[in-house]
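Presented below, as structure tokens, is a lone chain in the form predicted on its own.
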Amino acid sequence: MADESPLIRSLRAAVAAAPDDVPLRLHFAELLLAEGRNDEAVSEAAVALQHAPGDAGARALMVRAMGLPPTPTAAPGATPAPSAQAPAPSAQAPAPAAPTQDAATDGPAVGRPATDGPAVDRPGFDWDAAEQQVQDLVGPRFLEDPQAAAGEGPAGDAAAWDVDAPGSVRLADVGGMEEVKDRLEAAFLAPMRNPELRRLYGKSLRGGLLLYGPPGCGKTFIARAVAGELGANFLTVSLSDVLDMWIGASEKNIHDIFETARRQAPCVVFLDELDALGAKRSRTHHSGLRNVVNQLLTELDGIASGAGNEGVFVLAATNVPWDVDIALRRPGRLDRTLLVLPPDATARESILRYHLRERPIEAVDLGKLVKATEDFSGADLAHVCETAAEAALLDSARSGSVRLISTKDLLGAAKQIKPSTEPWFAAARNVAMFANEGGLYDDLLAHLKRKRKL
């Protein structure tokens, strides 16, 4: 600082060069206190206490710098505690008060008189207020258990799962995909909206639906839209949420997830990447993964809860349903299967409009772009818009003038990008033709025939 004396500047540089030198730092703090710079003196004393938590001189200096009352005279007959060695104060600074020993802890006690008997706090001194003033300056001496601090343990496990409140996303926000919407209406939404008909036909508000199809086609978005239509809470579960290194902990995680959903009913439990959570046990060599599938089967049946799963809707998504354990797909569990195909023309137009809404475009012919992006997934369409924007940005940077994104940019990007759904359909074709036991993949087979991919 410009108004600092040469001595203060020299000591500040010396302290910066030797930050662990506690006596030097305390001498510097004494000089700051003598010049009336109490806040800086408190900071220096706090740093000294971090390096030497038991230094009585640093504690006494902090008390004086904070303006607390001085230590009263010891009672008659009391033996004063020995003073800790402290640096010599400046001529202008008052001598530091000698700390006393606390009879209860046999350690230094700032501001408490030393007596032959038990230590007695001085009347009128607020120790809680003093602690509040220094707690931000002196760091904690011991670290807390992070699990205990997070509320984990027997009483906090079930509350550790984040449940999203009913969202604003509805099926109307899903462009196109009318066949998917009709299936969802029959499976979940119509019984929910018509309680009298539900009771008449004995339809339970429980069940499971497996969404499958190529990656990037909106399975997670559809699950959130179903939760929004039901006005239900939403709980997403993935493999990383469940697996644990300790034996039995993964099964407990599954149980806690469903217990949380039952308490938060109506609630949609969304099992993402079900092929990882519920892989075929015949192909799983690790007993821990087999136990996870067994526990998932138990929770889907509601056996562990006397109230069952009433009001708990289970949606699952996978790209490879043929790798899911067959027991998970029997009636009463994830018994309904819904194929989520790449977005149709109406859906592609909605997705393209969404990804172009905040980009500088000019006279974009969405009709041509929709035709050029058949079989593109939603993620592919986002990539098309990103690639076209990069091309326009590069031209603008080279020419020095801003150029808007045109239809030519978007069509050029669509020509460069191959639909990511093609490898999926190539693999699914063999399953639909040769492993369609019980008609599980009839809808996939019908789609492949319409597309002449058989």
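Remember, predicted model here, so these are calculated numbers, not experimental data. By rigid core we mean the largest C-alpha set that fits within 1.5 Å across both forms. One rule holds for the numbers: they count along the sequence shown, beginning at 1.
Note that the form predicted in complex with a small molecule isn't included here; everything after this is about it.
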Legend entry - Option touching the small molecule, based on a heavy atom within 4.5 Å in the model of the complex, out of 191, 216, 311, 208: 216
Inset, instruction - Only one of 326, 379, 345, 366 comes within 4.5 Å of the small molecule in the model of the complex by heavy atoms, so just point that one out. - result: 379
Legend entry - Partner-facing stretch of 226 to 234, 346 to 354, 367 to 375, 327 to 335, counted where any non-hydrogen atom is within 4.5 angstroms of the small molecule in the model of the complex: 346 to 354
Legend entry - Contact of residue 298 with the small molecule in the model of the complex (heavy atom, 4.5 Å): no
Legend entry - Any non-hydrogen atom of residue 220 within 4.5 angstroms of the small molecule in the model of the complex: yes
Legend entry - Touches the small molecule in the model of the complex: residue 177 (any heavy atom, 4.5 Å): yes
Inset, instruction - Evaluate residue 319 for contact with the small molecule in the model of the complex, applying a 4.5 angstroms cut-off between non-hydrogen atoms, and reply yes or no. - result: yes
Legend entry - Rigid core fit then residue 322 CA moved by 2 Å or more between this form and the one not shown: no
